[in-house]
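Quick setup: one chain, the form predicted on its own, written in structure tokens, and binding and motion questions come after.
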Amino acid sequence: MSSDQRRIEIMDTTLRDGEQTSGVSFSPTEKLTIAQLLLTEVKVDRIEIASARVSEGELAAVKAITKWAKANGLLNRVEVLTFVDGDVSIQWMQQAGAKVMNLLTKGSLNHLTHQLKKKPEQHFAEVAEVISLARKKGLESNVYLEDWSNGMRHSREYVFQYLDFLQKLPIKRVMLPDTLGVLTPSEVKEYISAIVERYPNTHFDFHAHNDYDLGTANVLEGVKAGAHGIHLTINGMGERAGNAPLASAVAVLNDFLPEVKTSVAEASLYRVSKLVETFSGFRIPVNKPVVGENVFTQTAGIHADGDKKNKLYFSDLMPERFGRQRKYALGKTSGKANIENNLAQLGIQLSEPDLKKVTQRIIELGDKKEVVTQADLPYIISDVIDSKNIEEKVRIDNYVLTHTKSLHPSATLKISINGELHEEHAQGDGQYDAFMNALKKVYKKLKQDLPVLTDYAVRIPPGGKTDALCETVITWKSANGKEFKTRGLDSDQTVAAIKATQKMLNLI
């Protein structure tokens, strides 16, 4: 960090505010793992890990984290949300082994009047009492001004009255939450600028929520306005629409505010994001900036072509920064450049005619399947190169396959052989067996024997999902005892087998 850069503290609250995501509950072991990764790999400055008095499970999790943090000299970077409840939260903190409390107080006159039904002076006195008790017990205090954003909008005099009072107390940080995520970026800039100017010696954190999808933009404006710290969560987890996401906010600060610096290791963000996704069951949208699966994937062929020629579609948001790789999707919008980029990564070179055939095949598959993966490419190449050497005298024009509970599968087949059409219907033990039985009827009328199927293998690319391309490889034995194989490729296993069978018919 250069001497003229301003250091911004990053406080991650995934384990406290983030766990308020509907349906999410981390186990004590999961909480400990996430806490360790946040402090040692992601390298955030602080973590908020729980709310006091919640449950026995929460207490066990906090104890495990504070025990580890103390052994590693990190205890002062572990924080717990507490309440204005005399010494009740303080006793919980002592039992849990925590040393830093984030006291939840009222930052708007509306909340104070209608929720607590108290006057400002009464609330201030109770806050002061809790902080005094905490100090006597060796605890450090930060103070949240809950609903601060609406406080600044509707009761600014109260907010300044409270901040004036807090200047007299032994607290380390004042935390300004946009509790309902209602602020616009211009309001964030105005409100924080006014506060920082009035209290130049106080450390202020900004805590953004994302209800209008303005969390990251508000973080940017908050830091520009002089906030000393920001609160974020992994994957933007949190109540309702969540909090400002850690990965997006850090990337924005690094790229658009060169005058500030954070401690976060960008390269660790994606790995931790995926781990939290697994632990929480809270799925990351594929288009979520920085950590979404598709955000470093070029789909349009023109983009891939531009990347090859002069990195025309690159920006400062490079995937390598986050431990990721740029990908080129294969589908109906793919151009030749997309395919060449993928082939280069696999170490495969094709002749120009073969490349054109592979491109056309991918476009055809893309019309039926959203995305063709790089792992599908070897199968597609094999299918195309296999097909180009076969003269097509036999063509399966149409077929209907049925499978009904408690009834035998059936197939109706329409096939063209040397320009002559034939149609048959048959049943079988499965759809492909029914198809083959109908085919045998056709060839029996022609007084021709078909090769015997001796092996049937289906493969999908590693990591393939339910819509993955299937390569069906069928081994046949002809009447003279010679074995040969044909391949078919499709996202449907039976259709892939039928394509392999059509190749066999043309070969014989």
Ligand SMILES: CC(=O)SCCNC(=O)CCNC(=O)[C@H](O)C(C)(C)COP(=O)(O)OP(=O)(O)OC[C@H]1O[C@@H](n2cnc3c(N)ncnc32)[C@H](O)[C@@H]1OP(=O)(O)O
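One-based numbering along the sequence shown. Nothing here was measured: the structure is a model prediction, and the numbers come from that model.
From this point on, the text means the form predicted together with the ligand, which you will not see here.
Novice: Just one stretch in 428-436, 273-281, 161-169, 105-113 has heavy atoms within 4.5 Å of the ligand in the predicted complex, so which one is it?
Specialist: Result for this chain: 105-113.
Novice: Should Gln493 be counted as a contact of the ligand in the predicted complex, where contact means heavy atoms within 4.5 Å?
Specialist: No - in the predicted complex, heavy atoms of Gln493 and the ligand never come within 4.5 Å of each other.
Novice: Does Leu343 reach the ligand in the predicted complex, with heavy atoms at most 4.5 Å apart?
Specialist: Contact with the ligand, no.
Novice: Using heavy atoms and a 4.5 Å limit, would one call Ser51 a contact residue for the ligand in the predicted complex?
Specialist: Ser51: contacts the ligand in the predicted complex.
Novice: Can you tell me if Ile230 lies within 4.5 angstroms of the ligand in the predicted complex, counting non-hydrogen atoms only?
Specialist: Because no heavy atom of Ile230 falls inside 4.5 Å of the ligand in the predicted complex, the answer is no.
Novice: The ligand isn't shown here, but in the predicted complex which of Phe296, Phe204, Tyr399, Phe83 has a heavy atom within 4.5 Å of it?
Specialist: So the residue touching the ligand in the predicted complex, by this definition, is Phe83.
Novice: Could you work out which of Glu146, Glu424, Glu140, Glu187 is the residue within 4.5 angstroms of the ligand in the predicted complex, going by heavy atoms?
Specialist: Selected option: Glu146.
Novice: Judged by heavy atom distances of 4.5 Å or less, which residues of 8-44 approach the ligand in the predicted complex?
Specialist: Read in sequence order, the residues that approach the ligand (within 4.5 Å, in the predicted complex) are Arg16, Asp17, Gln20.
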